[in-house]
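Heads up, the chain below is alone and in the form predicted on its own; it's given as structure tokens.
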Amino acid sequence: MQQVMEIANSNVIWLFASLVITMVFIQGVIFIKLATNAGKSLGMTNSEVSSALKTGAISSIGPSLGIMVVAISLITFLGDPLTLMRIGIIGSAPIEALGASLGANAYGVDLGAENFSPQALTTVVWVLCLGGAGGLFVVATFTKSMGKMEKKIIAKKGDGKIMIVVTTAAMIGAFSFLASGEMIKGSIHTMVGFASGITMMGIVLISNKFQIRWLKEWSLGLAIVSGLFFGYIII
């Protein structure tokens, strides 16, 4: 295992991981710039664009805390640069942890076991990279055609209301899928889910009633913290 960690934390691995993370950072900056320009072209004010960016940044803090916990455990098995590279690209620590375990099992060893060899590490890296490539392939292949489909729907209906309904429904469905998947694991998970949901609704209602815009920006982060606090109390 010591030999594996020496390879996993070698300068060569750090070099490639740094290149990948740099590309991810550049893509993020470009995306923010494009999103800002797109928002202004749609009639959004600078204040609204800034508010949307702040909401996204704040909302990412809560999920990042959970990812950090799993990422720390992955560092023990995969080293710092590989964990940084995988989490930096995919951003889903549970999926990366599952992929690492499956890769090790496919080689015939357990992740982090005494017989976890450099060859097993190579297998794990291949599994993680190829496993993440599927989603990137779908995005790269079908994003353009989905954009054309959106334009056809808007042109057919005459306005953009149908797309507002579709995107809202998709967002509700995605969050419901993620929340329900956790809430069915047990009564504690269910209570934590309801606590977070009630907190979210309360914050939004207060924000709308008293016109407190910054409170709405923090709503998701506060709901996550509320769920964590409630879970800590009942456990």
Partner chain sequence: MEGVKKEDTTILPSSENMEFYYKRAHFWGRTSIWIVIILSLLLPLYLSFILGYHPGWKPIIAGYLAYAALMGLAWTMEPVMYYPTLGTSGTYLAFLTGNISNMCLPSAAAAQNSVGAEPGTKKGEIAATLGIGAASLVNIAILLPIIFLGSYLLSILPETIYKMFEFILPAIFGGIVGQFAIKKPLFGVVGIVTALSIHLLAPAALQNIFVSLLVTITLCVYLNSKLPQNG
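Numbering follows the first chain given and starts at 1. The structure displayed is predicted, hence computed values, not measured ones.
There is also a form predicted in complex with the partner chain; it is not shown, and the following applies to it.
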Heavy atoms within 4.5 Å of the partner chain in the predicted complex: does F116 have any?
-> no
Any of the heavy atoms of K151 lying within 4.5 Å of the partner chain in the predicted complex?
-> yes
At the 4.5 Å heavy atom threshold, is D80 in contact with the partner chain in the predicted complex?
-> yes
Would F177 count as a contact of the partner chain in the predicted complex, using a 4.5 angstroms cut-off between non-hydrogen atoms?
-> yes
Let me know which residues along 107-135 have a heavy atom within 4.5 Å of the partner chain in the predicted complex, or say none if there are none.
-> Y107, P118, Q119, T122, T123, V125, W126, V127, L128, C129, L130, G131, A133, G135
